[in-house]
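Take a look at this single chain, the form predicted on its own, given in structure tokens.
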């Protein structure tokens, strides 16, 4: 099983570990709820070294990005980041990912952990692409929360703007950053060489940043209404069904475009929606849901530590209206809930 270069640091701080896609990663330290609330109130730090990342360059880089990804890089410019997806021919989501457009001819592609090899292989097959796998030589951490920017500036002397890339120096080594994350909070992600990673994380913790595990990362992303690949989206779901049409640019040719154009013209028959529980109960993945005209199943659900009630995402057919009543089957009970537009938590 893979281990982060920060594994010993996590162990010193009392981390509980879990197998996450073949990586032994911290799931929590003290408690998931305490770590969740630390991110919402101040700042938290997550080791996300398991996530995919590779450098993409060469004469074929831009054509490959245009052909393989659903979004259009022409919408942004060097120094910015973009959320996008790689699809199959049927429009299903092979992976959702982030592109860091670092300079005119250098891109970083950041897939989900489970899809790193597959996405990197797809780009390797494109002509003129030069690829460097960054996982073996780097550590990635995410610094998130209302006090995250101040922590960036105290330790690194700079902070990335929202959805922008930035560089800094730490202990004589280059640090790459981007104003991205998976919690709904300000902050960013930091990539640094493995030799300096322990020193950097220690410096951030000494400023008062809370170490957080992947358990809190999941409850935070759910409160923010962000889909999880493998649970809420996968190769059987399309961006239109998942409400991710903003990351699709049908005015350029890409793998899966024809299928999406057909689906858009005919209309979707199901949609991923958010709901808030009105009755007591914890919605979980796989629980059935029922509306006046149809139904479906929960893909993500939990108790919101901030709202103190159950929230979730579910595919429902036919697509319901905002404010429509829904029932969630929890064990043998049908518990009332209401369709809402995520995010569930708004600062």
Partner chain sequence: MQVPEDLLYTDEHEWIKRVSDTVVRLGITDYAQDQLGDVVYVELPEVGSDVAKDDILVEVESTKSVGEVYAPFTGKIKAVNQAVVDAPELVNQSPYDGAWFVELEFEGVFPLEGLLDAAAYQELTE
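Positions refer to the first chain, counted from 1. As the structure is a prediction and not an experimental result, all values here were calculated from the model.
Missing here is the form predicted in complex with its partner chain; even so, the following discussion is about that form.
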Taking heavy atoms and a 4.5 Å cut-off, does residue 287 contact its partner chain in the predicted complex?
yes
In the predicted complex, does residue 13 come within 4.5 Å of its partner chain, counting heavy atoms only?
no
Any non-hydrogen atom of residue 280 within 4.5 angstroms of its partner chain in the predicted complex:
yes
So in the predicted complex, does any heavy atom of residue 32 sit within 4.5 Å of its partner chain?
yes
Partner absent here, but in the predicted complex, which of 318 to 326, 302 to 310, 50 to 58, 65 to 73 has residues with a heavy atom within 4.5 Å of its partner chain?
302 to 310
Using a 4.5 Å cut-off on heavy atoms, what residues in 309 to 335 are near its partner chain in the predicted complex?
331, 333
